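Here are two versions of the same chain, shown separately as structure tokens and labelled structure 1 and structure 2.
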Structure 1
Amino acid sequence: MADEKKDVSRRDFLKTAGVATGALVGGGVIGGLIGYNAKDGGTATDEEERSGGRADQTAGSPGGRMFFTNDHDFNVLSEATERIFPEDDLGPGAIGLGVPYFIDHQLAGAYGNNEREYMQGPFNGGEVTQGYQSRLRRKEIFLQGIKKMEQEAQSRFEKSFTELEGDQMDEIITAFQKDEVEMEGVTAGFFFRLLRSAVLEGAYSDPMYGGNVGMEGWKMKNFPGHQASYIDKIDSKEFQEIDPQSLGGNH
């Protein structure tokens, strides 16, 4: 079964996932592909190698943080996002696309504070299909989930999450997906779905929001971004390769 999983390419995923590129997505498919496409099985020798040299970036870096004040928490988040959307020969992974910084910026704003949602009781467990049911705000769920990932790493492997091999990280993330980790005020499965959705949003949203660096996420799907007009191409019967454009003019 493990060998079959490794044969799943990111090209196949990008073709069949049906992800709505360039918009916020709530995807439900990427979770089953955790870690399948990481180079060499995703087993880097140290944290910096797996993070593409970004493990030590701080608030003073070009992608300066707005929410996370703890470097280790941010690095745990970064490693988890990379396992969900790993780099391969088709293009960068979550870290290269700036997804951790996208999530950081979102948690610092209205998304992280649930500012546009009803957040009064009663807070019942609810069903998966009922959507957001927790009394906790997203920023609180992310912080708790990250700390729980670190606790699971220490409990299972006596190492920090950022020091684990790729398959060990996958084991922990999959435990969250299967709701096997105890969390307070929210289920582990719900945290996983929030994390997975945020990764997809960061990889495919407009670069003006901090992710999809260089529009590389769009380029992997030949998505043209936000063009002012298609009037010079609309009548063509041939497939058109169009350089993507961002709303913010970022390249």
Structure 2
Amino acid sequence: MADEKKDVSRRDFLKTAGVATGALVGGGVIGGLIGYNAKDGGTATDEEERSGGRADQTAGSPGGRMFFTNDHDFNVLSEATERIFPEDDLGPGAIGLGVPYFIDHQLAGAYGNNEREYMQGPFNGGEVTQGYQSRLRRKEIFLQGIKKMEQEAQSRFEKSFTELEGDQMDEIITAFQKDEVEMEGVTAGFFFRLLRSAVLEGAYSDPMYGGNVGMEGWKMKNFPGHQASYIDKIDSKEFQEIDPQSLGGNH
């Protein structure tokens, strides 16, 4: 499955190789690398490379985009997700886990369109305890929020969001979290909570949804995914480390 000969961008490779060289041999992390091996010096732009664009993905891979039409919007989203769930010595971050693609796919479908939610008017602002009251659907909230993040970057630092240092991105994300940014039809805090939830969903859902690439999210957390039974293990006093399984590989 993993194409080990494919070029991996120097930056991404170093980041990952430093993490778990041992696991690399076993092939587990290789799967994780597929998500972000833009060719060094190839056709990928610098921005795509930073944001995990899957320029060299072959047809049939989950790396295509179904929702975002604009590369820059997608790259802002990617950088924001990575700040929320960053790569570290435990393993990959949101980009390495394919989270931006997961979110893209979700926004194109039932989730983005609020298909199973009550979306009839009239729309009135309510108390926080009354929950989602926006007339906007999630796909509209994400697009607007991402463009607002870019605007904040320009007005605070006179740079694109994707060119900011990590702590500058954090300052902007925190401003959304604290509801300090003006949005239309929805609050910034609401958008932040949607984004944060979507990042965790992408990091830990079954890889068949496009995130949790190589089950690396599950491996970090010691969650074995889809297992038929624990009847022979649940009595054990020892912690059980079990190789995870995806529903996707199990047809």
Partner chain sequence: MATTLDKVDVVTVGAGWTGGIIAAEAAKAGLKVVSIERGRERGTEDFLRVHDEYRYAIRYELMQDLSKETITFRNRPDQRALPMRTMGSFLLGEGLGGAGTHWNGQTWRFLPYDFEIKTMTEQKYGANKLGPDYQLQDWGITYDELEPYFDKFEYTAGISGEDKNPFAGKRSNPYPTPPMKKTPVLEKFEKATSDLGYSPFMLPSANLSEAYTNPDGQTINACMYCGFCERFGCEYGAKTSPEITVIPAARETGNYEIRFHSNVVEVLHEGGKATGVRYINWMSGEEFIQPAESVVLTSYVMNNAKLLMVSNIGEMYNPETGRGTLGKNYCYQVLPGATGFFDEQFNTFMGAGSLGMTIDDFNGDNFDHGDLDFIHGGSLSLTQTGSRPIASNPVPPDTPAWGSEFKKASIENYTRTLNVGAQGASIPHRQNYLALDPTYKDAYGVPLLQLTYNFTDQDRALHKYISEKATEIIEAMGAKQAVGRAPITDYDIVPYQTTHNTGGTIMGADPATSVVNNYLQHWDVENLFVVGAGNFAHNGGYNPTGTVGALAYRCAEGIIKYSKEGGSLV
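Sequence positions of structure 1, starting at 1, serve as the residue numbers. Rigid core here is just the name for the largest C-alpha set that superposes within 1.5 Å across the two forms. As the structure is a computational prediction, the values presented were derived from the model and not from experiment.
Of the two forms shown, structure 1 is the one predicted alone. With a cut-off of 2 Å and the rigid core superposed, residue 158 has a Cα displacement that falls short of the cut-off between structures 1 and 2.
After superposition on the rigid core, the Cα of residue 128 moves by 2 Å or more between structures 1 and 2. Taking the core as the fixed frame between structures 1 and 2, we note the C-alpha of residue 238 moving 2.7 angstrom.
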